[in-house]
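Take a look at this single chain, the form predicted alone, given in structure tokens.
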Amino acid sequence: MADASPPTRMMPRDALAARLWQAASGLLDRPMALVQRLVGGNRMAWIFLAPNIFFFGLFVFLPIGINIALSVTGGTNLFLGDRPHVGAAHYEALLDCRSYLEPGSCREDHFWKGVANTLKFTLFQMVAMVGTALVTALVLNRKIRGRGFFRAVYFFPVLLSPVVVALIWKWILQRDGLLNAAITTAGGQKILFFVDPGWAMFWAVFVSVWAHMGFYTLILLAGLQAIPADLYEAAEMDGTPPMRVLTRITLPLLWPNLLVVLVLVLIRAVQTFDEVFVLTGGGPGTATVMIVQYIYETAFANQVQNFGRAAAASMLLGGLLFALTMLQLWFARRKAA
């Protein structure tokens, strides 16, 4: 008969973990109980929110306040105490135009050229981004072979830094890049993509769509998978044409996700800077200069750093972005009503 193994004196791992958790919880319970007695149970939520509110205010509201203060002061000094108050002089200079449709007639023509380019970029990018993301999401929502692989492939560019994306495409599109090498191999002539204004804007939009489409596709794909399959089965039994299914079932039920995508695309397009700046540098000439690039150059890149003018331009950009977002949300609510 085999001898019974001697009982071990070591504490089981789960029991040790439970005791450690109880000890740690006891240490936390005492100060939290004291705080609850001091502020009351109904105000404990503010205690947990306080760290987030503090850091949000430190990195969001405080910079906005400093920016507003800079926009009404002049001079080249950075500290507010060394800058004279000029009121709305910077805003008046930025808005001084004979015709807002002609940037050359404005006092700050570089700013208005950036406004025109940003609006053009935003329009083309929104149409291309939303359309491409929607079509891609519809395809990836179907039962196709290698669906998981393609989902990962479309999302992969989102993980890359915008600067890395721009450098990759600049290497492809430059005069002696991969694309021109393929064109000359096929017997064609080299195309100077960054010399022609039309090509430069086209590639700026294309690279932006390529880099960020996967993120918006994921949002739309989540919305498509939330639509009940019973609706499609009923439509198939009734012999409903695919286009009618798309317009009467898919798009109406997908509208909340589409609205989120539209707002996010709008905000990112108006604020675009890094990809276009690295890809084209704002050229040729001022063909791809955006508002954010004007703000950056006015504040930091020019020989005379005009922080007040740049701050005023950023405030106008924020107002424009807020107005466009509110208009978009109003249109969406009106359509949903």
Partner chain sequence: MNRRHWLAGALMAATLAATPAFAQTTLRMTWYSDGNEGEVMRDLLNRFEAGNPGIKVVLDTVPFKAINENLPVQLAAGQGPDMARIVDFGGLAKFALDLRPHLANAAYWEQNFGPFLEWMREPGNTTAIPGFMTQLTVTGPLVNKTLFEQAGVALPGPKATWEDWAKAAKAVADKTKAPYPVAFDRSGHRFYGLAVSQGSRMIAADGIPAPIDDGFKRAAQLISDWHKAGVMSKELWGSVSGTAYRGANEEFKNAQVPFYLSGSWQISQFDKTVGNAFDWIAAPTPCGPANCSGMPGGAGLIAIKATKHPAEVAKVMDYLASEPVLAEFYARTLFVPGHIGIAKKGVAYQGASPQAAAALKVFGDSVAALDPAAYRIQGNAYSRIVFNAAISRLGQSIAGEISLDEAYKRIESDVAQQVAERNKK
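Positions refer to the first chain, counted from 1. All of these numbers come straight from a predicted model, not from anything done at the bench.
Keep in mind the form predicted in complex with the partner chain is missing from the figure; the text below concerns it.
Participant: Exactly one residue in T76, T247, T184, S99 has a non-hydrogen atom within 4.5 Å of the partner chain in the predicted bound form; which is it?
Facilitator: Contact with the partner chain in the predicted bound form is made by T76 alone.
Participant: Here the chain is shown alone; which of D176, D238, E92, D230 has a heavy atom within 4.5 Å of the partner chain in the predicted bound form?
Facilitator: By the 4.5 Å criterion, the partner-contacting residue is D176.
Participant: Just checking whether H212 would be counted as a contact of the partner chain in the predicted bound form - the rule being heavy atoms within 4.5 angstroms.
Facilitator: Because no heavy atom of H212 falls inside 4.5 Å of the partner chain in the predicted bound form, the answer is no.
Participant: Taking heavy atoms and a 4.5 Å cut-off, does H110 contact the partner chain in the predicted bound form?
Facilitator: It does: once the partner chain is placed as it appears in the predicted bound form, H110 has a heavy atom within 4.5 Å of it.
Participant: Decide whether V195 counts as a contact residue for the partner chain in the predicted bound form under a heavy atom distance cut-off of 4.5 Å.
Facilitator: Flag for V195 set to yes.
Participant: Whether A116 contacts the partner chain in the predicted bound form should be assessed with a 4.5 Å heavy atom distance threshold; does it?
Facilitator: Taking the distances in the predicted bound form, the answer for A116 is no, it never comes within 4.5 Å of the partner chain.
Participant: Looking at the partner chain in the predicted bound form, which residues in 263-283 have at least one heavy atom within 4.5 Å of it?
Facilitator: Residues within 4.5 Å: F277, T280, G281, G282, G283.
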